[in-house]
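Only one chain is included here, represented as structure tokens and corresponding to the form predicted alone.
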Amino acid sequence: MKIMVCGKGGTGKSSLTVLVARALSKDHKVYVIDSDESNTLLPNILDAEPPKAIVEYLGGKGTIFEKGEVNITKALAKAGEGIRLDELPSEYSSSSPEGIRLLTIGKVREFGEGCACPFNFLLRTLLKNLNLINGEVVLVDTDAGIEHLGRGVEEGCDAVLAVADPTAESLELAKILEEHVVKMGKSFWLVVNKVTPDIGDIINRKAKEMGLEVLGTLRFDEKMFKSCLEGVRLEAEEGYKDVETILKRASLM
């Protein structure tokens, strides 16, 4: 299954991706694809070394549109078999202590190097042509906002896990995502992060007014907050328990 984790900046997409990956890794082979061209801390909180970017394997950002989808697929796949992530050269993935494999699409790091459009195109091509075997799960930690929606990246996924924080803005963005994802026939799940006891009811009421169904909430977890602040391996107590509950509701555990 291929799941994109989406939402407004700062909602906790990377943290949720890591917790979901850890929970699913008990029974599945899990790959995490870092497609956020700005944030570099996912390897830290996953506790894995930063791998070489897949865009480098294909000759760099400037070559992506020149190659096109067909040639990218040929470069990454065995003939007629689709793309297998475990067949990429070893330097283009790394592993967490739980055995979760981390891959990175690419990063914007130089002044004037241009937009992230090639990364979205590469991710879309990769997801559309991935050949997964039984027991494999791919989680995509996306960039902030919904630019990936405009680039059609969701076409290659099976489901979207939208993350909102306790703000009207993030719920509005989740509603836009839901409308488009459901039209495509994909599964859509909404999770609200950083929830404190005094605002849980407000969030559920606001979401209901907007026609949104909240699959579950993650309580504010002090351990998560501190490890994210320090940029080290993600630690969580309440948050991890909440993720397990959410995954069971989505029939993923």
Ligand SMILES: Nc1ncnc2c1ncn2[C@@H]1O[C@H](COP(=O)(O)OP(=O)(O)OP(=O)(O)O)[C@@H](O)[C@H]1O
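Since the model is a prediction, treat every value here as computed from it, not as a measurement. We number the residues from 1 along the sequence you see.
There is also a form predicted together with the ligand; it is not shown, and the following applies to it.
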Decide whether Ser35 counts as a contact residue for the ligand in the predicted complex under a heavy atom distance cut-off of 4.5 Å. no
With the partner left out here, check for me: in the predicted complex, does some heavy atom of Lys2 sit within 4.5 Å of the ligand? no
Hey, in the predicted complex, is Phe225 touching the ligand, heavy atoms inside 4.5 Å? yes
With the partner left out here, check for me: in the predicted complex, does some heavy atom of Thr63 sit within 4.5 Å of the ligand? no
Which of 214 to 222, 22 to 30, 182 to 190, 66 to 74 has heavy atoms within 4.5 Å of the ligand in the predicted complex? 214 to 222
Using a 4.5 Å cut-off on heavy atoms, which residues of 1 to 33 contact the ligand in the predicted complex? Lys8, Gly9, Gly10, Thr11, Gly12, Lys13, Ser14, Ser15
